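Next up: a single chain in structure tokens, the form predicted alone.
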């Protein structure tokens, strides 16, 4: 097991480097720079402009700047934000918690809704449960996330005033109840987009497993239907579902960026959009590192989970 983990970590290094190189090159290739934005905001003499470029390292080639950034990053230094002149890590650290709250709550809620619906649809094919599940899966897969978010925001926050429209807490502060109210809209939008995939995957995986010999043997032994479904069918059907969760992690992060921007959620997604608009390269790269590391670690954990769900899998 340890040998497998070390092997996967070594394989992740080139993937990580490719991701950071691609983001660094693309962000620097975009029109404009921090100096251009400062220059457009006020008077900046040519001498001051050149001095600022040297100070920010923009006078060096992109390859040299990437190597400098990589060396600093490996020493735990993510640099300083050109927008706020604060350490990048302190800015990002403030946004990690809200993003985790939003994404993990959305993931858990979507699984709690989708897996039971998928199970009921597989146990009663072409029934009303199957029809409802198929409709929800189609709705979630076909409806644009940002469109649903704007419609929900208009109806429930603007017209009816039932839910808060922006932020994580009210202006006068709040506790867990206030946080839960602010989570309703962004979590609901993310769940609608995600649960369709999990419903279809659960239904298909359950139907594939139902006719296996060990399921027939379990029923022949007189085991209760609940035990057969949970212990023998669902457990063996979970591997494709777990794979689906791993594949959806990048989309979950990307979707939360759109959701955070619409609902003013103070997470990494909204900070990323702001940093891109302001050409704050150091913040962009810090968020890229965190997202890439999270995706690579989650995929490693999912591979380890395979071995737990299916004893026939030997990672060594």
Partner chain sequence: MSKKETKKEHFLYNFAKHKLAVAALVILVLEILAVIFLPVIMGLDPVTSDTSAFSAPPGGAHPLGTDDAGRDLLARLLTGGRVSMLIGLGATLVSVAVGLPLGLVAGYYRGKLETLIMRAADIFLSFPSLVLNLVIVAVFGSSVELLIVTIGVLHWPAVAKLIYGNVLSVRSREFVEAERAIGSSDAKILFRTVLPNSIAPLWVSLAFRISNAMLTESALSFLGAGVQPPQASWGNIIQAANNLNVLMNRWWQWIPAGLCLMLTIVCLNFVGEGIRDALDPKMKRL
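C-alpha atoms forming the largest set that superposes within 1.5 Å between two forms make up the rigid core. Residue numbers count along the first chain shown, from 1. This is a predicted model, so every value here is computed, not measured.
Not pictured, yet referred to below: the form predicted together with its partner chain.
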Original post:
Quick check: do 107, 170 and 179 each get a heavy atom within 4.5 Å of its partner chain in the predicted bound form?
Top reply: no
**OP:** Can you check 83-91, 146-154, 68-76, 108-116 and let me know which stretch has heavy atoms within 4.5 Å of its partner chain in the predicted bound form?
**Re:** 146-154
Original post:
Applying a 4.5 Å heavy atom distance criterion, does residue 284 contact its partner chain in the predicted bound form?
Top reply: yes
**OP:** Would you check, heavy atoms only and a 4.5 Å threshold, whether residue 271 touches its partner chain in the predicted bound form?
**Re:** no
**OP:** Although its partner chain is absent from this view, report whether residue 158 comes within 4.5 Å of it in the predicted bound form, heavy atoms only.
**Re:** yes
Original post:
Taking heavy atoms and a 4.5 Å cut-off, does residue 134 contact its partner chain in the predicted bound form?
Top reply: yes
**OP:** Note that its partner chain is not shown here; using its position in the predicted bound form, name the residues of 85-111 with a heavy atom within 4.5 Å of it, in sequence order.
**Re:** none
Original post:
Superposing on the rigid core, do we see a C-alpha displacement of 2 Å or more at residue 292 between this form and the one not shown?
Top reply: no
